[in-house]
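Here's a solo chain for you in structure tokens, the form predicted alone.
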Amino acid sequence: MSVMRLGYVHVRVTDLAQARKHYEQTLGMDAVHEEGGRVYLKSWDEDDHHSVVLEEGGVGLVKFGYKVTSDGSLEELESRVAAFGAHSERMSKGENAGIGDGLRVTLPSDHVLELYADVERLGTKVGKLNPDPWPRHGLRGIGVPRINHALITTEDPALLERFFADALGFRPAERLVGGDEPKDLVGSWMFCGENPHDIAFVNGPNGKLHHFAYEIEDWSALLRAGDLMSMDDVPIDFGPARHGITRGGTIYFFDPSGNRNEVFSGGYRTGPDFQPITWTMDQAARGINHTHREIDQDFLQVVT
């Protein structure tokens, strides 16, 4: 696969100073660049220039970016996107701080996804020579090490699954189905590397964000994250709990503007020979919240 992983999520926030405090002090990210009402942030174990962009003015997803293996792969991806019938355009180095030339794609769900190979590397806080397992100094709050995945909503999950598979080379790890027909697909968790999901989508309005997630080490780190959220009065959506789908540990919570975040731990490994897992709607609550087997309707309906 030429698409490797989620690189960044760019969201709108209603109050940039308030949002920055959440991402810097509670999550522990570092601001690396500011321009034009935007703040670019990275986590301590990320090499690349940034993984989150906060833009003042509203709420919700502006766009997200996935890193590809090489500039040469962009041409092939451009052809596959066109063959599918989706719109794309080339983007130039400098349109996004720290990001090189790339391809900007409008998904069938109306989301904007950017593909790029070249990114400025700022390095991790532990370096690449005989590194410690975590930074001895300078960690704040939860200290999230890296971004992991995003979940969006779409009016046609079957169409979007075909797009990610045919145009971008993703594979489904888990699928939530309402019946036997392809059109009955309710949600899909798809991967491009070895994660249980690098992108996921469920039935809902086009163009909306359900959440984006940070990977943290284990269940203990998850519980510590919950303690810190309580100390900082962060609104928790649900968790700590375990998903049935992906088997990961989770806490969902909101930033000050109402964008949903997640800290996610565990899960299994996938790969080119991974066979998809199917969940049926009568087991959807167990799939989403395996620990409590119940879902608050707001969790399904609140998107930004």
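In this text, all values refer to a predicted model and were calculated from it rather than measured experimentally. We number the residues from 1 along the sequence you see.
Keep in mind that the form predicted together with a further copy of the same chain is not shown, yet the notes after this line are about it.
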Interface residue in the predicted complex among E89, D110, D218, E75, criterion: non-hydrogen atom within 4.5 angstroms of a further copy of the same chain = D218
Which one, 57-65, 30-38, 254-262, 43-51, holds residues whose non-hydrogen atoms are within 4.5 Å of a further copy of the same chain in the predicted complex?
-> 43-51
G100, heavy atom within 4.5 angstroms of a further copy of the same chain in the predicted complex | no
State yes or no: in the predicted complex, is some non-hydrogen atom of P205 no more than 4.5 angstroms from a non-hydrogen atom of a further copy of the same chain?
-> no
Please run the contact check for M231 against a further copy of the same chain in the predicted complex: heavy atoms, 4.5 angstroms, yes or no?
-> yes
Does any heavy atom of V126 come within 4.5 Å of a heavy atom of a further copy of the same chain in the predicted complex?
-> yes
Residues within 4.5 Å of a further copy of the same chain in the predicted complex, restricted to 263-280 and counted by heavy atom | Y268, R269, P272, D273, F274, Q275, P276, I277, T278, W279, T280
